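First, one chain by itself in structure tokens, the form predicted alone.
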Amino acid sequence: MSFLSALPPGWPMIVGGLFLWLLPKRAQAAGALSLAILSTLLFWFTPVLAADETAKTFTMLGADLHPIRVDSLSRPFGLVFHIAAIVSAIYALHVRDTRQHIAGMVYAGAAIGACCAGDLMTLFVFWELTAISSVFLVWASDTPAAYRAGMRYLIIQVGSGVLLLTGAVIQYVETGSLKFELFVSEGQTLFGDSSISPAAWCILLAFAIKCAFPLLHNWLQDSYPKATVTGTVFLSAFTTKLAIYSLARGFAGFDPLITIGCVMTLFPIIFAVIENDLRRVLAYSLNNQLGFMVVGVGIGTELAINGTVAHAFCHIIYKSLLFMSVGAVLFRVGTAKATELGGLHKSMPWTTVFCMIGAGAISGFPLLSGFVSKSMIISAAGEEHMFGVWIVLLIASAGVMEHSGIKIPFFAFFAHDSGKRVKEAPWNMLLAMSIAAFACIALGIAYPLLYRLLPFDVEYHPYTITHVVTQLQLLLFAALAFVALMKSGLYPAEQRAVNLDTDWFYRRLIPKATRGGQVAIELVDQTLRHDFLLTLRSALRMVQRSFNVNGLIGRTWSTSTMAFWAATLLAISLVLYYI
């Protein structure tokens, strides 16, 4: 047992996942589920470091590494990552695709290993492994669009890892340590005399890409909807939440994150409302929820960090539930476009119920998980007298209700009847959704169980009259606004189109600029080739004319001419000899 506990958490899924191809295809899904359960059991019994304990160290190439650090911050993430892996594996039991099972297990195991890494080099290895393994979940859709989105996703994710490695090297050169710890101190900023170090800059950029900060977020909306039905469920759980954990570990209390987080909570609302593809709506919604967590990291108090961890924990479960329910619709109907759905509650009643539970949880309805976690972050902003931040988070909460709490279930299962009558989702999909739905309700009611997992001991009670009344007022106002906009015809009509935001630069501008550059290069190349061939042909014609029987060089010369040239050459030789 001591030998097993000395291995990085998540290793059964990484190592075992690589050998899943040896099993018959019908047994691979069950094998993946078994690996996830085994890894969970091992992780549950892994000792948790106390506040005054340090992780075990070993030296490699002169650097001290801490490959395993399970403490009060990393344990909740490791635990919920395992839960997500089990639920996702159940959801994928019907899949007969070796690539997806291997990629899903390696991806989940790498994310768990990364969140339990105590040094930057170990973090980098698992960081890149999450990128390389997860892209196969996008490519597994086997469409040209998925291939292109996967390539863009891979380039961006690997680029994030390169930045992390660069920061780690600079950090080692400057301090002699690779320990993954807090990189900022109180009062530090992004720019100016008190700016953070170059190493911290690189590492922050790496985290920002994976966390989908504004202007760095498009890979998320681009790739997640292109992944397979089951692949999207895996993707929604690990990458961005690993970045949240990393921010909480390395940049807690860094003030600029508050502003960035506020922007993250607001800007996706507009795009989520006008988006037609419901999986892209959920991807934008994911950005919005990450914004709450980034704000919590930026505030940095014990209550705020607890709120961040709690919200990440709950978010992984209810976001997976929403992606699973929309994925079930896509699996049965063949589309997730709002314009082509509606009326599915008649043929998919259980999926409808589970989706509504997920929608209620993400909106923050009392007695559901989102209420007990999101309110901690909002309360932390209030306790620090950040009135502007508090207002922004309330507005963002109403926006969540608008696009995820109402839009997703309304357009998928109600709205206009599309006339589609399909089978209910397969039993394994329903089982996975029921587990996630049960967790959403259980965490909302038995919230002390969740709070006991959090890093700090803080007295916090979400079910105060003020919190409940304020939240209900907010939700009812959002619902009323939705009804009023729909009745008045002011709600943006769903369009059969792809809405681009800043990804216009690399999906439109850069390809056009590349094609323009390619045309210019081909034009210059053709001109140069043409001129060279003309010159070469002229030279060949001149040589041909000179060396033929009538040419200057090829014809027979007279004796007097030869004597003249012989005398001339002799004279030149004599002059050169005496010089």
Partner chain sequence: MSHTPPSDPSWFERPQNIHRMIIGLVVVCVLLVLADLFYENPHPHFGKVETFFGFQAWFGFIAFVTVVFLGAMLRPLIKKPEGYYDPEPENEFPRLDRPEDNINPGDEA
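Positions refer to the first chain, counted from 1. From a predicted model like this one, the values you see are computed outputs, not experimental measurements.
If you look for the form predicted together with the partner chain, you will not find it shown, but the lines that follow are about it.
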| query | finding |
| --- | --- |
| One stretch from 74-82, 504-512, 196-204, 451-459 that, in the model of the complex, holds residues within 4.5 Å of the partner chain by heavy atom | 504-512 |
| 4.5 Å heavy atom contact, Gly419 to the partner chain in the model of the complex | yes |
| 4.5 Å heavy atom contact, Thr189 and the partner chain in the model of the complex | no |
| Partner contact for Phe414 in the model of the complex: the partner chain, 4.5 angstroms, heavy atom | yes |
| Partner contact for Leu330 in the model of the complex: the partner chain, 4.5 angstroms, heavy atom | yes |
| Partner-contacting position among Ala478, Ile305, Ile435, Ile258 - heavy atom within 4.5 Å of the partner chain in the model of the complex | Ala478 |
| Of Val125, Ala442, Leu216, Met386, the one that lies within 4.5 Å of the partner chain in the model of the complex (heavy atoms) | Met386 |
| Stretch 82-112: residues contacting the partner chain in the model of the complex, 4.5 Å heavy atom cut-off | His94, Val95, Arg96, Asp97, Arg99, Gln100 |
